[in-house]
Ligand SMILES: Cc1ncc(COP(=O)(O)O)c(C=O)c1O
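Next up: a single chain in structure tokens, the form predicted alone.
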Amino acid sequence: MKKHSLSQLGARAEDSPISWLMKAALDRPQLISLAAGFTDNTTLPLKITQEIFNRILGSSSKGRPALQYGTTQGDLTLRRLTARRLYSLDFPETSPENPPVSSYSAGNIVITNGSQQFLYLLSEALYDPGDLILVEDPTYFVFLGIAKSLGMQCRGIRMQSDGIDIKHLEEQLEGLRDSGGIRRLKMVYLVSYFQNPTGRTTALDKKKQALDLIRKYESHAGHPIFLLEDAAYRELRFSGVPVASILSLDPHQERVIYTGTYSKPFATGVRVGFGVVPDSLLSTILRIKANHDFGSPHLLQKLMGEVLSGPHYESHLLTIRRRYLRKSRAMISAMKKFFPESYHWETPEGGLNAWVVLPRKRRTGLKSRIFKEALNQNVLYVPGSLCYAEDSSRLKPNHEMRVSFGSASEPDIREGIRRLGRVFSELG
């Protein structure tokens, strides 16, 4: 007999690590948080936002509609601007006013409360408990929380410097085909730009190979298998070369799902995200979203529509990219100075994080001596083990960490890394 009245979903839900990490950063002013993925506070677009809100609310013809309910799918103007922007990112030399292919159609875009809500809506639409998803190893740990709460089974695909290991993906698909498990596989999930947590970007050729493999094995599943590209950090590139999205590889958008956000590149407090979904999933996503909220906040959508229709968005992107470049350089310089030579990391080309790999004998998890001593010295990081799915086919690594340069100031970044270096030295 159950000792509580919770549903199975309610019983599976656990505290999110990101909630605890963010709360720790807010509750302890003396703490230097290199963990929670806050964006840079000093560059938040206060003046731009104030001017646009004044313009919207200063006009009854704009203000009253903005303060009224919108539609479940989202503001049409914002969806059109989003479609146009996605097309221009993938085809910067040929971007038309009205993208000619369905992958970039406003009709296939759903506006959500950040990309996080879209991930949940999509998972709720596709997954029953016990169904299978392939994820990068490691991957975005907040998504792993969604997967666990919905009873999804995760399999990890090894990462290389330019994205997932295609050979390992094929091996996993082969194994699932042979075991019959492929009948429960619904989706492959990639965080393809400046990945959270590793900072790596998936090469376009790897995206194509992954899509081709999915199409090859789909007949064995007996249902569609989708490729989900999470591009939350795409517009935070401050070096390197741009990479087109998976949308560019699937012009009729049959198997590709794409999600992005304006929270990271504009303002996290705005919480406006979006998803691009195939026709086959659109009505289901909208029905589920209607049950959640029947539409994201209309005023914030109107704000983002005004931002995108003028010069403000591009100028703000230029500001924050320069800022994150300086902060990432400060972090890398400090790690070179204070971390042991046996510790390894890759220089970020965008995003908000750096991924540090320690010798295997050094444990970094929540119960490790390193984590506890770091907290004692008022510095916080994300243990790498949180970013790995529960996958019985391999032991979960416990010798890595994610450090973020997003919110901390440059002096705090240097001091936080110095404190971590002292922890490493003291613990031997």
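What you see is a predicted model, and the numbers here were worked out from it, not measured in a lab. Quick note: we count residues from 1 along the sequence shown, nothing fancier.
Below, we turn to the form predicted in complex with this ligand, even though it does not appear here.
Here is the short version: of 196, 82, 301, 103, the single residue with a heavy atom within 4.5 Å of this ligand in the model of the complex is 196.
Just one of 108, 172, 115, 201 comes within 4.5 Å of this ligand in the model of the complex, counting any heavy atom, and that one is 115. Taking the partner from elsewhere, every residue among 140, 233 and 263 has a non-hydrogen atom within 4.5 angstroms of this ligand in the model of the complex. Among residues of the shown chain, residue 191 is one whose heavy atoms approach this ligand to within 4.5 Å in the model of the complex. Although the partner is absent from this view, residue 119 contacts this ligand in the model of the complex, with a non-hydrogen atom inside 4.5 angstroms.
Residue 255 falls outside the set of residues with a heavy atom inside 4.5 Å of this ligand in the model of the complex. The closest heavy atom approach of residue 312 to this ligand in the model of the complex falls outside 4.5 Å. Figure note: of the listed segments 211 to 219, 225 to 233, 124 to 132, 144 to 152, the one touching this ligand in the model of the complex, with heavy atoms no more than 4.5 Å away, is 225 to 233.
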